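One chain comes next, on its own, written as structure tokens: the form predicted alone.
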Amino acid sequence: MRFTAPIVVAALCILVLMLGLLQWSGREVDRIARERDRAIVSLVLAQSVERVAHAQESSTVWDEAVRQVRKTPLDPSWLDLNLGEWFEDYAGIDEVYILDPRDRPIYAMREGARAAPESYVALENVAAPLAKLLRATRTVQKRSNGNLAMLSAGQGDLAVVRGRPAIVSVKPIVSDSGGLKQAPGTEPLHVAVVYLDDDFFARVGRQYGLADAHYAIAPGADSNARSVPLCDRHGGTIGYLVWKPFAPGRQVTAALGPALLVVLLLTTAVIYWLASRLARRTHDLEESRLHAQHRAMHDELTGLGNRATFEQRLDEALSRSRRHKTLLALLYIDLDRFKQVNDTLGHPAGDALIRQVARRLVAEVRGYDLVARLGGDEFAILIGEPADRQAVERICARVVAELERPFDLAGSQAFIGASIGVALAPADGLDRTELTRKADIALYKAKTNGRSRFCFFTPDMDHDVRSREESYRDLRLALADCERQLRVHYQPIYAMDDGRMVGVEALLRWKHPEHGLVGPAEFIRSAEESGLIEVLGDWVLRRAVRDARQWPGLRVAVNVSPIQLRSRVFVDTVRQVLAEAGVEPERLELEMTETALMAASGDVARSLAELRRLGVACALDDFGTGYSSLSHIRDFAVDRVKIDRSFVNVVNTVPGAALVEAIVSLARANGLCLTAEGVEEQEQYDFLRSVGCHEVQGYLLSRPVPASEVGRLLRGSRPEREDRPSALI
């Protein structure tokens, strides 16, 4: 009952409010209707005065009228026909008077018949001021601008004439051609009188919906009637237009009120029934709300605060830091090698690892510091008011050391680590967005510096980020303008047995519009980080295969990224590119580094197997610089290994020569082809041939050349030794 009673009371209040609203809205509608009627009446009266003035222009703007009025004596018959009686038939004008330039009446017409000019005295007190104003206005208009709204100037007003309300309009009689000279302000005047009788008001009422419209000297005492005063130009009231207003609001209220009352009473009964049911569920809903609120602010897996809690607490901590000028440390933590645990032991083990990491992090900080899980393997720690920077460093060192200890997971031990980025307030900012951004930048620096370490944010890191973003942007622009900025050069590969050119390696070059020639080592990593490597790699692949059509029988090697190989559509792309260019799959060789290959997932192995079934060869680039073994090479079933230039450069030493000889022997024993990179000296070439290397490439034989020069090299034999160029192009 403690829930239903307030609801029922509220429903009754709503009922009263809605009835009151209905009554109020009805009155407002009626008020608006009355205002509309008043506006219509005012407009109709103003338009009526204008219509009389326009009607007068049919004969007052006329050369012949000017001549006839100037005649001495006047021609009464002509005036009757054209300036008097005719207006009654044409425009319903009741009285007409013509005034000479001195405003003396020289002609009169009343009720369709000629009358004595002296009868003008009955409206002289109304017409004379209008005539005087017209002459003054006419003089000014003639001097300033003759482009008027009407054909001629005029003055009109409402007045009581002979005890009746009337429209009095005064117009000058002027030349229509302009051929008759008239001094401004000396024209004869035409005075028209239209009485506003009952027929006029009845016609207005029918036309504009004003019921029982009529003229009255006073507004009357009828409360149901509405009236508007008829005012002359000076604001004086000459009477009232009275009508019975249309009251739509009152009618709507009378029609809807009873039905609305019944509906609201039924609604109140339904609300009472629903409220009684709601009362029984309130307790359950309250418990659900508290549970949902906890889940909204905490991570379900670890029980730590989630991102929402972290942002709220960070804002509060920054506010305290601003007020009290205290130190605040924000630690962004990312787990190293967590993905390998998930891939090796499964997601349940990964969840268990996350829970253990959470417990270790909580154990390394104070009770009032915040540890939050932001998602995945990302955590954040807020250290409030540490003693100094060294105290924060000690906490970071403890966290790194603690997370390097082994974790027991379902009978197995897992070894991970943690990279930490640190930002300090107020030194690095007092805004949440700015502080978290700088902590994230420091975290990125820690990961690129070798992982399992911590880094504090420094201003130069911000510069690195901006430079990296600028590189991403420039690379996107280069891809949009690839035909001008990107180009592919080819370094020939020669067989050791007969010196023939057997292949070329496609090497990407970027001619930056501002920085000049940029080597692959400077922008390939940017392409991988920005997600552009697939687009860039596909462009190089298409260009190299298209160029290969010019060199029948020549093998074309193209470097590919593990990101491309992990793509499910990469094999289809290779198949499509070969088909469009009409190049045999056996002529295409895809190169990848051994470090990237060994760290790749099973998707790469599946892609390599499909490529080999297609007939495309696979080569392991920079062999010996990573951590692969021949067993891994057999697992991935590569066709060729390429000895890295760092080993070729030291074959003149005993250890270097022994190492290269061992690589050649192991590769040949496993049936793999061998290509040595970076051959720059004749002694290196001779040694590699003596130990049985199959193919070589390097500046000793040829530098990378554009596609247009590959044909020239094919037509010749093994090139003579070239001078080593001063810069790689």
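In this text, residue numbers run from 1 along the sequence as written. Note that the structure is predicted; figures quoted are calculated from it, not measured.
Beyond the structure shown, there is the form predicted in complex with a small molecule, which is absent from this document and is the topic of what follows.
Screening A65, V679, I663, L672 for any heavy atom within 4.5 Å of the small molecule in the predicted complex leaves a single hit, V679. Just one of P520, P184, G209, P117 comes within 4.5 Å of the small molecule in the predicted complex, counting any heavy atom, and that one is P520. Taking non-hydrogen atoms only, D622 approaches the small molecule to within 4.5 angstroms in the predicted complex. A residue is said to contact a partner when one of its heavy atoms sits within 4.5 Å of a partner heavy atom; D334 fails this definition for the small molecule in the predicted complex, lying far away. The small molecule is not drawn, but in the predicted complex it has a heavy atom within 4.5 Å of L507. Of the heavy atoms in V560, some are within 4.5 Å of the small molecule in the predicted complex. At a distance of at most 4.5 angstroms from the small molecule in the predicted complex, all three residues Q491, I524 and V540 contribute at least one non-hydrogen atom. Judged by heavy atoms within 4.5 Å of the small molecule in the predicted complex, the contact stretch among the candidates 38-46, 57-65, 664-672, 696-704 is 696-704.
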